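Next up: a single chain in structure tokens, the form predicted on its own.
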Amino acid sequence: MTNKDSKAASYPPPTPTAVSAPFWEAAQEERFVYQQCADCARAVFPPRAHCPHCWSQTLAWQESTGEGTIASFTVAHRPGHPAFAELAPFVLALIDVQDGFRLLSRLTQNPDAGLQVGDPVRLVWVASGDWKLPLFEPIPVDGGQ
């Protein structure tokens, strides 16, 4: 399900490359995909032409659960790029995805909501112009939808 970003932004769209195009194509279908190495079976994210663990070039796309935990986070009050200024303050977090990789993403959560490292999160799709971006939101303790 795609959410509207509570703070509309006009930040730059993604720039798909030959390697990342399958990720962005799946994102438009609200599917969160990552690569898995056929030789060492480890997850690979962000998309790459080879496995960073064993250097194999035999990578296959897998669909992620989109669930994970907060490994670390910070509140950005002064974004590094002016295009993100209208979103501030916002939460940037390192997410340990259950499928075995870590990524940097923005949380849809209010920065004053009492987030903690280890809190469970799930993926939400946020519309941004012609794109759908993968962001994360905390999973309520009762597992609510």
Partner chain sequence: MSAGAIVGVGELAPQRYSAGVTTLSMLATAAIEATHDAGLSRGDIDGLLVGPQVGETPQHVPATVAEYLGLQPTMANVVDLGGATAAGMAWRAAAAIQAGMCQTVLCVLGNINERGRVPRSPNRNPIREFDVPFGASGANTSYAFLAQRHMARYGTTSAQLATAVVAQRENAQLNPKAIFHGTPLTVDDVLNSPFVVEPLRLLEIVMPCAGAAAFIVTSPERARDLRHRPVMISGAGEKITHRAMSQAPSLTSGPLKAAIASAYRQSGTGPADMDMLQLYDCYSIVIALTLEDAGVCPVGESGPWMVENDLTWRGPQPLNTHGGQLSFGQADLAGGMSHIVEAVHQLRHQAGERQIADARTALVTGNGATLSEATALVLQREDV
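Numbering follows the first chain given and starts at 1. All figures in this text were calculated on a predicted structure; none of them were measured in a lab.
The form predicted in complex with its partner chain is left out here; the points below concern that form.
L104 is the sole member of A49, L104, A38, A113 with a non-hydrogen atom lying within 4.5 angstroms of its partner chain in the predicted complex. Residue contact check for A60: none of its heavy atoms lie within 4.5 Å of its partner chain in the predicted complex. Using a 4.5 Å cutoff between non-hydrogen atoms, A93 counts as a contact of its partner chain in the predicted complex.
For the chain shown alone, C54 is not a contact residue for its partner chain in the predicted complex, no non-hydrogen atom being within 4.5 angstroms.
Put simply, P13 is close to its partner chain in the predicted complex: some heavy atom of it is within 4.5 Å. Shown without its partner, the chain has R48, A71, S72, F73, T74, V75, A76, H77, R78 in segment 48-78 as residues with a non-hydrogen atom within 4.5 angstroms of its partner chain in the predicted complex.
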